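The chain that follows stands alone, in the form predicted alone, written as structure tokens.
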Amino acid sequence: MSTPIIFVSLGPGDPELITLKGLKALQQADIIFCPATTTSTGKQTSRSANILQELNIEASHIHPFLLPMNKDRSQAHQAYDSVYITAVDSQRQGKRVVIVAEGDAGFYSSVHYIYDKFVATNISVEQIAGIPAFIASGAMAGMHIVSQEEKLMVIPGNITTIELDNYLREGFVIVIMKLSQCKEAVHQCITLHPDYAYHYFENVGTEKEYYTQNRKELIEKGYPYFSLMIIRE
């Protein structure tokens, strides 16, 4: 029986937040696929590769693949299809294959497209859990995100002001991922509900991590891609 292709969750950015199981899988891998993007100046960048390097993973084992960051997911699927083909071929050659994802590989992670493709074609696969960014954010701020019987709603950035208002009235603690996609809705929510606490985080787990509850700043600022917010009473 062939060795399973392993999806390793890297955590939010701090290399020390990877699990011991995840680190062991990386250290034993022959080939590690990690997502990379291209900046506006044409430079290739990869937070995942940076984490791997800080974990002292052999550079020759790291294979970045370019992932277009736009709403048209057809190009991203093409990139994932290419990784799928190479990963299956490598596994058949007896190599130990790992595919990495920031945060947790099963939580708002687009690499699950490849995971599902492996499962659909009966390829042996395994997923190692990691720490999602909002959990790391709560720890950084010393927050107890939910207590006792409080309800938690985690939502992506395609949220409206009306939907936010409804969730708050129903008593949910709200986590908004991909905050840059709903800037105006969040700005309006802060204005309409000044009695709530708005915990804003960006680039958690990196040297650029930032946290604030300043409402005036949050209404005026733009939100980068790696940002999230926790809203609670």
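Bear in mind the structure is a predicted one, so any value in this text is a computation, not a measurement. Quick note: we count residues from 1 along the sequence shown, nothing fancier.
Just so it is clear, the following notes concern the form predicted together with S-adenosyl-L-homocysteine (SAH), a form of the same protein that is not shown.
- Interface residue among His61, His193, Lys183, Arg47, judged by heavy atoms within 4.5 Å of S-adenosyl-L-homocysteine (SAH) in the predicted bound form: Arg47.
- Per the 4.5 Å heavy atom criterion, S-adenosyl-L-homocysteine (SAH) in the predicted bound form is contacted by stretch 106-114, the sole one of 143-151, 106-114, 84-92, 120-128.
- S-adenosyl-L-homocysteine (SAH) is not drawn, but in the predicted bound form it has no heavy atom within 4.5 Å of Val100.
- In the predicted bound form, Cys189 stays away from S-adenosyl-L-homocysteine (SAH), with no heavy atom inside 4.5 Å.
- Though the partner is left out of this view, Leu228 does reach within 4.5 Å of S-adenosyl-L-homocysteine (SAH) in the predicted bound form, counting heavy atoms only.
- In the predicted bound form, Met177 approaches S-adenosyl-L-homocysteine (SAH) with a heavy atom inside 4.5 Å.
- Looking at 77-101, no residue comes within 4.5 Å of S-adenosyl-L-homocysteine (SAH) in the predicted bound form, counting any heavy atom.
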